[in-house]
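Quick setup: one chain, the form predicted on its own, written in structure tokens, and binding and motion questions come after.
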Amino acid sequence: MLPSFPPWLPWTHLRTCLHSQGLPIQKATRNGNSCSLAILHPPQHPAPRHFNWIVGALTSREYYRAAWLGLNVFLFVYYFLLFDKDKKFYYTRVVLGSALAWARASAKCLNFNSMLILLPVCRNLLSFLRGTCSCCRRTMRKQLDHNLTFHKLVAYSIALFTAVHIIAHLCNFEWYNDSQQAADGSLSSILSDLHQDEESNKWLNPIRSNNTTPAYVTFTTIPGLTGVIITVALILMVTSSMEFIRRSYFEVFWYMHHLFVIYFAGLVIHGIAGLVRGQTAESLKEHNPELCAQDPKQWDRKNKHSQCEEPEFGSIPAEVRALCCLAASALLHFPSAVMHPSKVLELQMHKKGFSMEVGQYIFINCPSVSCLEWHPFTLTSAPEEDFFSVHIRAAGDWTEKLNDTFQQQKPKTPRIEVDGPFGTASEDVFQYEAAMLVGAGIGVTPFASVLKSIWYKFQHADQRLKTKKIYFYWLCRDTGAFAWFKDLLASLEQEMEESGKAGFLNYRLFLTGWDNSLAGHAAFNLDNDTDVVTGLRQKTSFGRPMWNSEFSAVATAHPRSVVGVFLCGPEALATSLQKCCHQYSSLDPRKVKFYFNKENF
């Protein structure tokens, strides 16, 4: 729907304003106070190159996932066949059936994924890998940006294998109990009675009394009790990680995730007791189960020359599980605070013992608000500055309390603890010949650091700058959000004009929420040298970008370049940009390529 404009608005202003919104006018007539506009439909772009989309979607990320999935399949199949065919577990299978193989195979995969689950969220490890992979291929470094996706994938697999493991062991406990209760002289009942009255720990069935129930074993043995504790901790962590809970009740998600300590502690001691057993190697030499199982009444443990002595059983060796925690010490700061419009708080802290790169982020804790909560924020300062800063928008309980704390505790400055910095995809922005930076709302913060660094590089005439062109897009819902960032853009405009590189930065500001009076006021003052909304030379556009047109223009301007697309914004926008990256990337390696990068916290 077009905004209403006053009838006295000059046609030149109206035409220019509508063109800026991507609505080209074919014909315009005027009759008194009424007007008639014939507006062309948006230009029809060529049909999407579906083949490019399919090929682009099969990125190396899918290969890494396929490798992880292949390892899980291999481990499950290998250990399933081992416990289902190995002679050592012949008699165990007589009592438990195929549930033994299901329980042990799922346990091996469960341990494997529990070993991996922490690696994608070890921030110091990821920062170290980013540094060591700086000379590696771009596609290899990009895999580090999908760390949270892999973390969730591993968590889902842990939940799946846990369910299989629990169901299998519930069946095992029932069949252990049935074998103990049986008095029909069957092989399973004979095996359950072996070594029950001895202290040699050579028994097979852990249930030694007819009065013992599976529930009793579950809550009175180390494997059973730790299994219950591990399962409860896992359920709480998984359910509190749901999107709705994580965004609406972040504190619940934060505190529940600290149950990982209990989870790993229980996992380490879960298999110590060794309730599930197999025949010992010494016993296999004197007792071949495939031959002796046919006539269990001939088993004689007292006759040394017997070919079928009574079998003896031992526990399955428990795996050694190691937990490696890579932690960083927190730095203590007493920052200076600056309040900006739209409830944005800027914290500036001295760089003593602190080094950073563009686009990195830190974790912040304010003991005055919460002693346990740490929240990630992107650094908005440049590495060349003698301080580092973050901009925090009040968008939740913790951020609102933080804003109130800094406003109320003057002149006493609240104490801030900082952990980091940690690397992100934006560190690679200067590795591309051309870069498209897209920020939505407060998501502009990583690009503030990038643009500030560019300003310093131009001032010092840095010849190492590989980037030749930057396209910057900022989408905001209200005009107040532009206030704290427009000074930097104005400085960049002036600096690049004075250095003769006015075409280096092409930025577009989009206002996605406005009223008719504001749009009419902007159209009426369109001929002014500066924008009425921001005061900058670049005019503010009303609405959202037409990404197909933007990507097509960039691809035309850089037909043989590698273009990096960087986003800090919502998932819906990420999906659109990622699709455009695949659609407008050429299959010819000599032509334009778009690489999508998204900030993940």
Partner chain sequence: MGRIEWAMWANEQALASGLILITGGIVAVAGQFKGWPFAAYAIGAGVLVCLLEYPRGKRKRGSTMERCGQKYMTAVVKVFGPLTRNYYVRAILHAVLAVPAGFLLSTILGTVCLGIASGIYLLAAIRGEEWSPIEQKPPERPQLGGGTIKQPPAMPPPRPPAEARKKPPLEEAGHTNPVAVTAEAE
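Keep in mind that what you see is a predicted model, and the values were worked out from it rather than measured. Positions refer to the first chain, counted from 1.
The same protein also exists as the form predicted in complex with the partner chain; that form is not shown, yet it is the one meant from here on.
Contact with the partner chain, judged by heavy atoms within 4.5 Å in the predicted bound form, is confined among 278-286, 378-386, 174-182, 463-471 to 174-182. Out of the listed residues E400, D478, D295, D487, E400 is the one that sits within 4.5 Å of the partner chain in the predicted bound form by at least one heavy atom.
L236 is the sole member of L236, L225, I262, A434 with a non-hydrogen atom lying within 4.5 angstroms of the partner chain in the predicted bound form.
Using a 4.5 angstroms threshold between heavy atoms, Y249 counts as touching the partner chain in the predicted bound form. Contact annotation: G97 falls outside 4.5 Å of the partner chain in the predicted bound form, judged by heavy atom distances. The shortest heavy atom separation between G274 and the partner chain in the predicted bound form exceeds 4.5 Å. In the predicted bound form, the partner chain stays beyond 4.5 Å of every heavy atom belonging to I269. Annotated contacts: N111, P120 and F363 are all free of the partner chain in the predicted bound form [non-hydrogen atom within 4.5 angstroms].
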